[in-house]
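The chain that follows stands alone, in the form predicted alone, written as structure tokens.
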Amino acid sequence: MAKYAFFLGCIAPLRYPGIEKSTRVVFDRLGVELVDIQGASCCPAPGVIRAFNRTTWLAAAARNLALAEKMGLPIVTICNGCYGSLFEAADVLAKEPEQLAKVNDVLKTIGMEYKGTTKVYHFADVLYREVGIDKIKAAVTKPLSYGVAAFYGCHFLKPSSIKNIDDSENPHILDDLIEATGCKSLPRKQKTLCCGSGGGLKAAFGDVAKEFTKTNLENIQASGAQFIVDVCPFCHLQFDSAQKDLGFNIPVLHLSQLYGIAMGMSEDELGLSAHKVPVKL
């Protein structure tokens, strides 16, 4: 059985516990073991901390990487932002020994050290490349027929020069993962546009963030999608929380929740009551 150190991040356990629950159930049914990282902290968000101090960002990320390294396991994340932060920090520390030395000088003050060996994966990439579409289809007990909008977000595929997961401008992985449930991933304009909340934009310039969200929602509505399916709790939060003010009402599901529905999980297990936009199955 494949085994990963499970990095929860902040948004899912605090705002959408159903994302965490569905991920645990789905991965267990697909034969992937998730092991909690004891003492993990914020990733931390690269668009905020890295913008002010690169070494501080690297040190905070390296602490999480070191915890997984001590477990002897690669990390899997359920959030694009966490994936972006941890993956990019691991990449820097593997390529820049002088930065690794600086970071370890910081970590040694709390009795830790990072050797630079931890690999970081996004859960959707694990599902696609390690589990595989055929195995996912075989685990579906309740085939679905919804038309949905696949929302990739930014940090899952980019920077593509170091992630090499899919074509960052014309991706298909999430569409394929969605359609493994029987759903149809519907085409639309500006499929890879940012949700609007990344890089501190939501906190600093909320009106600008909502304009990005509005453009996405207009394109999604025009496609005829019944649901938005994302792979990032932060994108999830933006779409779920901003729609009322913008005059939209399109339910939002994390991919793990879509899989949970297709595998027969109840609405309580899926945590759908936490969603501001009601999800009617």
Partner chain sequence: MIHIEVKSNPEFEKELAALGGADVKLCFQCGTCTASCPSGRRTSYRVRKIMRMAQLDMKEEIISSQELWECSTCYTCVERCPRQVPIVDVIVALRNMAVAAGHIYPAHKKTAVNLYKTGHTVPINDEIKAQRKALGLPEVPPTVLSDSAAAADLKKILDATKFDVICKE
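Residue numbers count along the first chain shown, from 1. Quick caveat, the model's predicted, so the values are computed rather than measured.
Absent from the display: the form predicted together with the partner chain. The rest refers to it.
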| note | in the predicted bound form, the residue from 186, 107, 165, 73 with a non-hydrogen atom within 4.5 Å of the partner chain is 107
| Heavy atom of each of 42, 215 and 274 within 4.5 Å of the partner chain in the predicted bound form | yes
| said: If contact means a heavy atom within 4.5 Å, which one of 53-61, 223-231, 246-254, 26-34 is the stretch that engages the partner chain in the predicted bound form? | reply: 53-61
| field | Contact of residue 176 with the partner chain in the predicted bound form (heavy atom, 4.5 Å) | value | no
| said: Please tell me whether any heavy atom belonging to residue 122 falls inside 4.5 Å of a heavy atom of the partner chain, as the geometry stands in the predicted bound form. | reply: no
| query | Should residue 17 be classed as touching the partner chain in the predicted bound form when contacts are defined as heavy atoms within 4.5 Å? | reply | yes
| query | Is residue 263 close enough to touch the partner chain in the predicted bound form, meaning at least one heavy atom pair within 4.5 Å? | reply | no
| Residues of 1-15 having any heavy atom within 4.5 Å of the partner chain in the predicted bound form, listed in sequence order | 8, 9, 10, 11, 13, 14, 15
